[in-house]
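One chain comes next, on its own, written as structure tokens: the form predicted on its own.
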Amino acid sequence: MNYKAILSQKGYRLSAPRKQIIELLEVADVALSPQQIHNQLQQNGSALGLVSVYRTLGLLTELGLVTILYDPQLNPGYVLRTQGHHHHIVCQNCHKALEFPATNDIDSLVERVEKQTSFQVRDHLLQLFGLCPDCKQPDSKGVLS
């Protein structure tokens, strides 16, 4: 995804903090909390403050460039969003997050919920939890990780 072009189209520039956070999320295979992002940036020599990390993540989320995922304890973390509609599955052990394409299977559930509640569903979050291939491998004693 061309983040610079998307920011520009929406009236924003690719500032240093935005670029640092996007580059960090591009290489992450787990959803990162604002604190984790701040810590990793600090380790890389960045002087970006925690408040700036929160502010930047808020903007990137608002612009649809990042999305919030939840770890198995329901703590929020951030990942870059890709093109198209998709959902995520998160490993309950190592917290690796993978996306998978969305299907129309949820449409009937949304219709049923709208009829039962009189709500108009405008968006949804579907996230699954399980064990990734690495973590579901039994150890030498036959116990799953």
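Definition used throughout: the rigid core is the maximal C-alpha set that superposes within 1.5 Å between two forms. Heads up: residue numbers just count along the shown sequence, starting at 1. What you see is a predicted model; the values in this text were computed from it and never measured.
The next section is about a form of this same protein that is not shown, the form predicted in complex with a further copy of the same chain.
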Any non-hydrogen atom of Gln92 within 4.5 angstroms of a further copy of the same chain in the predicted bound form: yes
a further copy of the same chain contact in the predicted bound form: Pro133, any heavy atom under 4.5 Å: yes
Phe129, heavy atom within 4.5 angstroms of a further copy of the same chain in the predicted bound form: yes
Contact flag, His86 vs a further copy of the same chain in the predicted bound form, heavy atom cut 4.5 Å: no
The unique member of Leu63, Val30, Leu48, Val113 whose heavy atoms fall within 4.5 Å of a further copy of the same chain in the predicted bound form: Val113
In the predicted bound form, residues of 115-130 near a further copy of the same chain [heavy atom within 4.5 Å]: Gln116, Thr117, Ser118, Phe119, Gln120, Val121, Arg122, Asp123, His124, Leu125, Leu126, Gln127, Leu128, Phe129, Gly130
Cα displacement of Ala16 between the shown form and the other one reaching 2 Å, rigid core superposed: no
Thr82 C-alpha shift between the shown form and the other one of 2 Å or more, rigid core reference: no
Leu126 C-alpha moves between the shown form and the other one by 2 Å or more, core aligned: no
